[in-house]
Ligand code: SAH
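The chain below stands alone and is given in C-alpha coordinates; this is the form predicted alone.
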Amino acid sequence: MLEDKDFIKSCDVPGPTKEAIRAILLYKSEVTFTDKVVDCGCGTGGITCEFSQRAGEVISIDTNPEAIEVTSRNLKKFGLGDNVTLISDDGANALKDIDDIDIAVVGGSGRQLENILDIVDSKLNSKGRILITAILVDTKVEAVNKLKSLGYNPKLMEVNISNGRILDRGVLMISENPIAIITAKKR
(Lines give C-alpha, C1' and ligand atoms only; values in the text may rest on other atoms or scores of the structure.)
Protein backbone atom coordinates (compact mmCIF):
# COMPACT_ATOMS: atom_id res chain seq x y z
CA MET A 1 0.00 0.00 0.00
CA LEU A 2 1.14 3.50 -0.78
CA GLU A 3 1.34 5.79 2.24
CA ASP A 4 -0.92 8.84 2.50
CA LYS A 5 2.00 11.12 3.31
CA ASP A 6 3.72 10.28 0.03
CA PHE A 7 0.96 11.57 -2.25
CA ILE A 8 1.13 14.91 -4.02
CA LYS A 9 -1.92 16.89 -2.89
CA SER A 10 -3.75 20.02 -3.98
CA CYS A 11 -6.09 22.22 -1.97
CA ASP A 12 -8.37 22.37 -5.04
CA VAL A 13 -8.61 18.60 -5.51
CA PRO A 14 -10.05 16.13 -2.99
CA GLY A 15 -7.91 13.25 -1.83
CA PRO A 16 -6.18 11.05 -1.63
CA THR A 17 -8.65 8.58 -0.17
CA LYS A 18 -7.05 7.42 3.07
CA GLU A 19 -4.82 4.34 2.97
CA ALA A 20 -7.09 2.18 5.16
CA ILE A 21 -10.10 3.01 2.96
CA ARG A 22 -8.10 2.17 -0.18
CA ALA A 23 -7.15 -1.17 1.39
CA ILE A 24 -10.81 -2.00 2.06
CA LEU A 25 -11.78 -1.00 -1.48
CA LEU A 26 -9.08 -3.25 -2.95
CA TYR A 27 -10.21 -6.15 -0.79
CA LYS A 28 -13.91 -5.66 -1.55
CA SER A 29 -13.25 -5.29 -5.28
CA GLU A 30 -11.57 -8.69 -5.54
CA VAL A 31 -9.32 -7.11 -8.19
CA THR A 32 -7.16 -9.35 -10.38
CA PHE A 33 -4.40 -8.55 -12.86
CA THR A 34 -6.82 -9.13 -15.77
CA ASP A 35 -9.48 -6.63 -14.61
CA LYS A 36 -10.43 -3.39 -16.32
CA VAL A 37 -11.11 -0.81 -13.61
CA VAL A 38 -12.82 2.56 -14.03
CA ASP A 39 -12.20 5.18 -11.33
CA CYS A 40 -14.90 7.81 -11.75
CA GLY A 41 -14.04 10.94 -9.80
CA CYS A 42 -10.36 10.10 -9.33
CA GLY A 43 -9.35 13.26 -7.42
CA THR A 44 -5.63 13.09 -6.59
CA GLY A 45 -5.42 9.48 -7.78
CA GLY A 46 -5.09 7.46 -4.57
CA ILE A 47 -7.45 4.76 -5.79
CA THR A 48 -6.07 4.94 -9.33
CA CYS A 49 -2.52 4.38 -8.08
CA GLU A 50 -3.49 1.38 -5.94
CA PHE A 51 -5.54 -0.29 -8.69
CA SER A 52 -2.85 0.38 -11.30
CA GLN A 53 -0.55 -1.93 -9.29
CA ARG A 54 -3.09 -4.76 -9.29
CA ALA A 55 -5.33 -4.50 -12.39
CA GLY A 56 -4.68 -5.00 -16.08
CA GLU A 57 -6.12 -1.64 -17.10
CA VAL A 58 -7.30 1.44 -15.21
CA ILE A 59 -9.31 4.29 -16.69
CA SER A 60 -9.51 7.35 -14.44
CA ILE A 61 -12.03 10.12 -14.99
CA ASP A 62 -12.48 13.52 -13.39
CA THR A 63 -14.24 16.68 -14.52
CA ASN A 64 -11.52 18.80 -12.92
CA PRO A 65 -8.45 19.09 -15.21
CA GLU A 66 -6.31 19.81 -12.13
CA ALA A 67 -7.38 16.45 -10.65
CA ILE A 68 -6.17 14.70 -13.80
CA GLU A 69 -2.88 16.61 -13.58
CA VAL A 70 -2.35 15.70 -9.90
CA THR A 71 -3.26 12.06 -10.60
CA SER A 72 -0.75 12.04 -13.45
CA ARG A 73 1.94 13.49 -11.18
CA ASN A 74 1.21 10.87 -8.49
CA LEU A 75 1.38 8.04 -11.01
CA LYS A 76 4.77 9.31 -12.18
CA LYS A 77 5.99 9.78 -8.61
CA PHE A 78 5.24 6.14 -7.78
CA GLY A 79 6.53 4.79 -11.12
CA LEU A 80 3.03 3.73 -12.19
CA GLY A 81 0.70 4.51 -15.03
CA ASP A 82 1.71 2.31 -17.96
CA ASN A 83 -1.73 0.71 -17.75
CA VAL A 84 -3.66 3.91 -16.89
CA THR A 85 -5.70 6.16 -19.17
CA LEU A 86 -6.63 9.58 -17.76
CA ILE A 87 -9.77 11.33 -19.01
CA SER A 88 -10.70 14.90 -18.14
CA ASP A 89 -14.44 14.85 -18.75
CA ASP A 90 -17.83 14.47 -17.15
CA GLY A 91 -18.13 10.93 -15.74
CA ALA A 92 -21.35 10.04 -17.53
CA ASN A 93 -20.03 11.34 -20.85
CA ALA A 94 -16.67 9.53 -20.57
CA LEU A 95 -18.29 6.24 -19.55
CA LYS A 96 -20.30 6.10 -22.78
CA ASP A 97 -17.10 5.21 -24.69
CA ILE A 98 -15.88 2.52 -22.28
CA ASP A 99 -17.02 -1.09 -22.63
CA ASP A 100 -16.54 -4.37 -20.77
CA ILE A 101 -15.84 -2.94 -17.31
CA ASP A 102 -14.88 -5.40 -14.56
CA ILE A 103 -14.79 -2.93 -11.65
CA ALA A 104 -16.30 0.53 -11.42
CA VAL A 105 -15.29 2.74 -8.50
CA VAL A 106 -17.47 5.83 -8.18
CA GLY A 107 -16.14 8.43 -5.79
CA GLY A 108 -17.28 11.59 -7.46
CA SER A 109 -20.41 11.90 -9.51
CA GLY A 110 -21.06 15.62 -9.84
CA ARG A 111 -24.72 15.11 -8.91
CA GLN A 112 -25.11 12.55 -11.67
CA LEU A 113 -24.86 9.38 -9.60
CA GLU A 114 -28.04 7.75 -10.93
CA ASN A 115 -27.07 8.47 -14.54
CA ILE A 116 -23.53 7.20 -13.95
CA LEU A 117 -24.85 4.00 -12.35
CA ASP A 118 -27.23 3.44 -15.30
CA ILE A 119 -24.30 3.69 -17.70
CA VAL A 120 -21.97 1.58 -15.53
CA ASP A 121 -24.66 -1.12 -15.28
CA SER A 122 -24.91 -1.28 -19.08
CA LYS A 123 -21.11 -1.45 -19.48
CA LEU A 124 -20.31 -3.88 -16.65
CA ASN A 125 -19.39 -7.41 -17.69
CA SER A 126 -21.26 -10.42 -16.34
CA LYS A 127 -19.14 -10.66 -13.16
CA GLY A 128 -18.68 -6.92 -12.74
CA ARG A 129 -18.42 -5.14 -9.42
CA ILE A 130 -19.43 -1.63 -8.38
CA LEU A 131 -17.89 0.22 -5.44
CA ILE A 132 -19.20 3.60 -4.39
CA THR A 133 -17.65 5.82 -1.76
CA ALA A 134 -19.98 8.34 -0.17
CA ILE A 135 -19.68 10.90 2.56
CA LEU A 136 -23.13 12.51 2.36
CA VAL A 137 -26.09 10.60 3.79
CA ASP A 138 -28.12 11.65 0.74
CA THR A 139 -25.55 10.06 -1.59
CA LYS A 140 -25.62 6.81 0.39
CA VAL A 141 -29.42 6.61 0.15
CA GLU A 142 -29.39 7.55 -3.54
CA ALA A 143 -26.74 4.91 -4.33
CA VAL A 144 -28.48 2.10 -2.45
CA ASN A 145 -31.89 2.92 -3.96
CA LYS A 146 -30.51 3.14 -7.50
CA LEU A 147 -28.57 -0.11 -7.19
CA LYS A 148 -31.69 -1.87 -5.88
CA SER A 149 -33.75 -0.51 -8.79
CA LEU A 150 -31.12 -1.91 -11.19
CA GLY A 151 -31.49 -5.38 -9.63
CA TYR A 152 -28.39 -5.39 -7.43
CA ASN A 153 -28.25 -6.41 -3.79
CA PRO A 154 -26.08 -3.57 -2.43
CA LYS A 155 -24.09 -3.87 0.76
CA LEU A 156 -23.23 -0.83 2.83
CA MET A 157 -20.31 -0.44 5.20
CA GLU A 158 -19.73 2.72 7.23
CA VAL A 159 -16.02 3.13 7.88
CA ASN A 160 -14.48 5.49 10.38
CA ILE A 161 -10.72 5.22 10.64
CA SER A 162 -9.08 6.84 13.65
CA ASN A 163 -5.37 7.33 14.11
CA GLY A 164 -3.76 7.97 17.46
CA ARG A 165 -1.63 10.93 18.42
CA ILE A 166 0.44 10.42 21.53
CA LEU A 167 0.13 13.22 24.07
CA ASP A 168 1.82 13.74 27.43
CA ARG A 169 -1.17 12.36 29.31
CA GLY A 170 -2.47 9.72 26.89
CA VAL A 171 -3.44 8.93 23.32
CA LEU A 172 -5.82 11.15 21.36
CA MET A 173 -7.73 9.29 18.64
CA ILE A 174 -8.46 11.48 15.61
CA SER A 175 -11.06 10.37 13.09
CA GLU A 176 -10.04 10.61 9.45
CA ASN A 177 -12.12 10.28 6.30
CA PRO A 178 -15.41 8.86 7.70
CA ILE A 179 -17.00 7.32 4.64
CA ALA A 180 -19.49 4.73 3.47
CA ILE A 181 -18.45 2.02 1.05
CA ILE A 182 -21.32 0.62 -0.98
CA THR A 183 -20.60 -2.55 -2.94
CA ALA A 184 -22.63 -4.52 -5.43
CA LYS A 185 -21.95 -7.39 -7.82
CA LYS A 186 -23.67 -8.02 -11.10
CA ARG A 187 -26.06 -10.97 -10.82
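Computed from a predicted model, the values in this text were never measured in an experiment. Don't overthink the numbering: it's just position in the shown sequence, from 1.
One more form of this protein exists, namely the form predicted together with the ligand; it is left out here, but the text below deals with it.
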Test of understanding: in the model of the complex, would residue 139 fall inside 4.5 Å of the ligand by heavy atoms?
no
Residue 40 versus the ligand, in the model of the complex: is there a non-hydrogen atom within 4.5 Å?
yes
Mark residue 114 yes when one of its heavy atoms lies within 4.5 Å of a heavy atom of the ligand in the model of the complex, and no otherwise.
no
Would you check, heavy atoms only and a 4.5 Å threshold, whether residue 67 touches the ligand in the model of the complex?
yes
Among 118 to 126, 28 to 36, 156 to 164, 56 to 64, the stretch whose residues bring a heavy atom within 4.5 Å of the ligand in the model of the complex is 56 to 64
Members of 74 to 90 lying within 4.5 angstroms of the ligand, judged by heavy atom, in the model of the complex
89, 90
